[in-house]
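First, one chain by itself in C-alpha cells, the form predicted alone.
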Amino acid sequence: MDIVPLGPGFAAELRGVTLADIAADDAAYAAARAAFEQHSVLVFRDQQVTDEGQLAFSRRFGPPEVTKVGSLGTGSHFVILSTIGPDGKVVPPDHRYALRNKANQLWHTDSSFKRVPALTSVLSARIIPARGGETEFVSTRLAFERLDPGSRKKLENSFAWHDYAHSRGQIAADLANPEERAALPPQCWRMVWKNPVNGRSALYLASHAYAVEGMEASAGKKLIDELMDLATAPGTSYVHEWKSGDVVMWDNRATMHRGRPWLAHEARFMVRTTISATEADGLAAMRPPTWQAAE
C-alpha cells in the first residue's frame, strides 16, 4: 500500500489497496487505520463499489449508524445524498432533496448533533455532475495547533451545543421537520477532541454548533464563528474532485467538510455510511460533566 499526501498537512490517497482488501485482511486494515489516524482524510480511487462492500469496509472501523428519520435511507445503514426524484428526473432547486444538499454546503462534521457522534464517514460516488459537486475538507487538528497556548487551554475545558435544526434553519426555516426535531434534541460536546492514538487535539466544530456552555448567547456565537473562520481560512483546505469509482473517508473528530455547488440540472447521487464513535475513540472525554447514560 502506498500513501500519497494530497492536502496542506493532511489528507492522503491510498494506492494499491481496495475496500475489499481492508474489509477482509487484518494487516491491510491496520495499515489503513494508521493512515486514517495520521492523515484524517483518505481517498481510494477506482473502486468497484457496492452497498454491501461499502458496509463491510465501514464495519471494520466500528459500529455503523442507523440512518436518522427524515433522510433518504432512513432505518438502513446508508445515507442517500441525491438530487434524483422518484420519477428518475433531477428535482428542482426548491425541492427538499435539493435544499438538503444545499445545507450540506455549510461547513460541518457529521453527527455532532446526535447523542452518539461519528468517528468516520465513508462516501462513495455513484453519479457525479460533469462540473462542480466537489467535497472540500479542512483539518480542525491543524487549526487547533495554530492557536496560542492560552486559547488552546481555555478551549480544552469549553463545551458547545450542537443542533441539527440550527444548521438546517440557515437554509430554510422548516427544513428540519417536527419528527427530526423531536428525535434530535441539542447535544453538548467538548470543543476539543483529543485523539487517544496519537495524543493530537482538534477543534470540534460544525455548522450545527450554536452556543457555548456558560457564555452569553452572542458571545458564544461570536467565538464559534471566529473558530470556524480560523479553521476554514484560505489555503487550508483540500478539495476533492470526484471521479467515478472514488471513495473518500474522513475523521469527524479532526475535520470539517462541505459540498461544493454544481449546476442544478445535473444529477448527483452519493452513498454515505457513518461509523459511530466509541469509548476507544476518545468519546468519554467529550461528554460534559452532567452527561448521563440513556435509560
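Bear in mind that the values here come from a model prediction, so they are computed numbers and not experimental data. In this text, residue numbers run from 1 along the sequence as written.
Keep in mind that the form predicted together with N-oxalylglycine is not shown, yet the notes after this line are about it.
Student: Ok, S207, S201, Q187, T135: which has a heavy atom sitting within 4.5 Å of N-oxalylglycine in the predicted complex?
Tutor: The residue from S207, S201, Q187, T135 that makes the contact is T135.
Student: Check each of L123, V90, M191, I128 and return the one that places a heavy atom within 4.5 angstroms of N-oxalylglycine in the predicted complex.
Tutor: Selected residue: L123.
Student: Partner absent here, but in the predicted complex, which of 256-264, 49-57, 28-36, 224-232 has residues with a heavy atom within 4.5 Å of N-oxalylglycine?
Tutor: Result for this chain: 256-264.
Student: Do all of H108, R268 and R272 end up near N-oxalylglycine in the predicted complex, with near meaning a heavy atom within 4.5 Å?
Tutor: The answer is yes; H108, R268 and R272 each reach N-oxalylglycine.
Student: So, in the predicted complex, is L155 in contact with N-oxalylglycine at a 4.5 angstroms heavy atom limit?
Tutor: Contact with N-oxalylglycine, no.
Student: In the predicted complex, is there a heavy atom of N-oxalylglycine that lies within 4.5 Å of any heavy atom of S167, even though the partner is absent here?
Tutor: Result no; S167 lies far from N-oxalylglycine in the predicted complex.
Student: Heavy atoms within 4.5 Å of N-oxalylglycine in the predicted complex: does W250 have any?
Tutor: Yes - in the predicted complex, heavy atoms of W250 and N-oxalylglycine come within 4.5 Å of each other.
Student: Does L81 reach N-oxalylglycine in the predicted complex, with heavy atoms at most 4.5 Å apart?
Tutor: Taking the distances in the predicted complex, the answer for L81 is yes, it comes within 4.5 Å of N-oxalylglycine.
Student: Would you mind checking 1-28 for residues with a heavy atom within 4.5 Å of N-oxalylglycine in the predicted complex?
Tutor: None of them.
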